[in-house]
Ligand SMILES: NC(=O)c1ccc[n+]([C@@H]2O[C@H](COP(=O)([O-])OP(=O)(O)OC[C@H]3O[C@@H](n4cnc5c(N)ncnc54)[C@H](O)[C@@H]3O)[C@@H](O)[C@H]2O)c1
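What follows is a single chain, given as structure tokens, in the form predicted alone.
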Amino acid sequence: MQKTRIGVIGTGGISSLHLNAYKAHPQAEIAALCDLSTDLLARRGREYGVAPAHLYADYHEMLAREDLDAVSVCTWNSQHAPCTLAALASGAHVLCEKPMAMSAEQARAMQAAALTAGKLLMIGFVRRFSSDYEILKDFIDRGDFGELYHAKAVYLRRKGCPGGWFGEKARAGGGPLIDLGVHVIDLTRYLMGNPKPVSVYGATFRKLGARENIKSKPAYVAASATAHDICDVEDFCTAMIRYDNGAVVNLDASFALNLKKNVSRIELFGTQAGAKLEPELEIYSEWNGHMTDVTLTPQLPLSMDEMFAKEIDHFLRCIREGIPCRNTAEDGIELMRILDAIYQSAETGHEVILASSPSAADA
């Protein structure tokens, strides 16, 4: 069987994880790359063995000239929808980085385009592929947690705006909520069985900005970062999300916050057990009439390379073998509905009630 020919739109930081996974996969061939930065594009071409004739500054030209089976969309957020729509129209399957789009309306249009084209649209919720989350999902699916009715989703950075497009609302759509919060919201929802959101209350703050007065650099700096970046997004968000099964999730996400150290953690609470994830997986339950804490051994590190390799392998298996997709467009739409509602609630100061969301098949 021939290899799956891959094109990548956007060759910034996140693309290297896609490209490394494709390069290592025996059934994938990196056929073409596209980016607005000619210097970055040329460097990626050299790194991944893509000839200059297959490097493009215009994704429309790449899609028209190249015979691609699939495309990874790794651009800034405002380009997720247009790049995805163009790739689907060209006849390619698409793996679109999170967040799916800038709004739920855009996300629904993307799902409709995938259905019309008869192509797969998979959303890059890569943390679902981490070994510790897969282990916890196995416990949950066995019924060991009983009914999961509450979760805490936390992704806090003390000084963590990557610069570049991440701080510019026109390109990013928002700050830590849409960049970091989307990960932990998705994880809690995924582990709780993907319930539908029914109401949201949220608040956002712009108090500290990018903290340019602090000399230490954030752990990750965007490839697009410059000395003259715009930073007009929120630096902290807090929210409560209520689902149709009665479960409630509390969220905190920040680019900048006066706390001791960065925190990335989710906690789940069920009728038979609870759990905490990151930096290690712990389960809290009862045994023989005593409260019992269990730390799994061996501890499995959170490896970005491992997660992206699993995600890309799943994407390719969905295309080549027709297996069910774990990260569906429907999941992406529900996350965008939640993000839209949090920003709306923050703007109005009131709770937002979400109507039921029809599937594209019903539209």
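Since the model is a prediction, treat every value here as computed from it, not as a measurement. One-based numbering along the sequence shown.
The next section is about a form of this same protein that is not shown, the form predicted together with this ligand.
Only one segment in the set 45 to 53, 27 to 35, 314 to 322, 332 to 340 has residues whose heavy atoms sit within 4.5 Å of this ligand in the predicted complex; it is 27 to 35. The closest non-hydrogen atom of residue 115 lies beyond 4.5 Å of this ligand in the predicted complex. At a distance threshold of 4.5 angstroms between non-hydrogen atoms, residue 181 is out of contact with this ligand in the predicted complex. This ligand in the predicted complex is approached by residue 124, whose closest heavy atom lies within 4.5 angstroms of it. Contact annotation: residue 235 falls outside 4.5 Å of this ligand in the predicted complex, judged by heavy atom distances. Every member of the trio 76, 165 and 304 reaches this ligand in the predicted complex with some non-hydrogen atom inside 4.5 Å. Scanning 68, 309, 40, 296 against this ligand in the predicted complex with a 4.5 Å heavy atom cut-off leaves one residue, 40. Comment: this ligand is not present in this chain, but in the predicted complex one of 199, 131, 285, 224 has a heavy atom within 4.5 Å of it, namely 224. Along 95 to 114, a non-hydrogen atom within 4.5 Å of this ligand in the predicted complex is carried by 97, 98, 99, in order along the sequence.
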